[in-house]
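Next up: just one chain, as structure tokens, the form predicted on its own.
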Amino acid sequence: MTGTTDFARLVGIAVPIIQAPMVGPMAPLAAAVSSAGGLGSLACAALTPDQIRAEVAAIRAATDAPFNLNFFCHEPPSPDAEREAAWREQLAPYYREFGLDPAAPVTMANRAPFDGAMAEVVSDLRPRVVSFHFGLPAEPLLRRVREAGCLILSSATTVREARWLAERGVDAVIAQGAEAGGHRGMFLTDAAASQVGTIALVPQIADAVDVPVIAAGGIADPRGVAAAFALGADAVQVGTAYLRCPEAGISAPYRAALSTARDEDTALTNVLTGRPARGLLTRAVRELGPLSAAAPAFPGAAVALQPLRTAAEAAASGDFSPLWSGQAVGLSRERPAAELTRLLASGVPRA
């Protein structure tokens, strides 16, 4: 059966369950979720065009079901050498601890916003869904996505952001509650302290827009799915629970940290990348933040942290890694992605 809700029918999937796009998990997770009737997602912000093409080829080799490509569309910050130097100075004791040279050049993965090169990739690959984080790209770029025949989603963390997205023609709005792991999708506000929880955000966005609403944040089992639908959602997006699936392919320290984390073990932090994001309380988050005015703007904070992350991970430690996690981490379990998708789908109300 395909299409249990308006959103599911629009996309052409059997169940209105979306695997959240997360940097790290690649084609195996997205393909497994799509094969099970949900919507698998590939986070593309850290990938090159060639890498995206390779991952999409792997997804399509495993399934002919719809999938989602996700992109960031933030405004790159202006260079701030003074702030970056001060940040490196703050990190200097950690560099000394690991025997690292704080002046050595750093190689970082791509974190560029959606641009013409990525629009060309979308035009060539024509995924069923393209989703955005931090608003939407400029209208000429957005038009190219539409012309490729893709459905467009984007995240809203407030009602004002949801209305802004709907006015610009998105096909569905992801209502990202404060419980959600990973980067906040906020783009019309920078007030991290006043971010709204899922249970309050979803019904207010559902009342404010005329497109399907996708609930995200704090959903990890059928009870959360049922609650989201009771609040007015037409689909749910789940991230942290999918990280514990074997197909996610995350590091051993990350997997171990998720397995022992409790509800109180996450925080909103900007020290790992420069933008507020919810993750586990690692050493870096505890000692540098969780929120710090010294952290360079996104994605600059991550640059100076990268050597520390590499050194710590080589010692099987996630102390300086972005271990993104939502508040429902304590509800997550180790299970295959198809099994989790079916479990979550059992919470969708029957028509």
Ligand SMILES: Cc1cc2nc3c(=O)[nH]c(=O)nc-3n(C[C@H](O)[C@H](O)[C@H](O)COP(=O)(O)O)c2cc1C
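Residue indices: 1-based, along the sequence shown. None of the values given here were measured: they were computed from a predicted structure.
Unshown form predicted together with this ligand; subsequent notes refer to it.
Proximity to this ligand in the predicted complex, defined as a heavy atom within 4.5 Å, holds among L243, V130, V225, V202 only for L243. Contact annotation: of the candidates W164, Y95, F229, Y254, the single residue with a non-hydrogen atom within 4.5 angstroms of this ligand in the predicted complex is Y254. Only one of 297-305, 282-290, 313-321, 22-30 lies within 4.5 Å of this ligand in the predicted complex by heavy atoms, and it is 22-30. At least one heavy atom of Q237 is located within 4.5 Å of this ligand in the predicted complex. This ligand in the predicted complex is approached by G181, whose closest heavy atom lies within 4.5 angstroms of it.
Within 4.5 Å of any heavy atom of this ligand in the predicted complex lies no heavy atom of V213. This ligand in the predicted complex comes within 4.5 Å of a heavy atom belonging to I219. Although this ligand is not shown here, in the predicted complex the stretch 52-76 places heavy atoms of N70, F72 within 4.5 Å of it, in sequence order.
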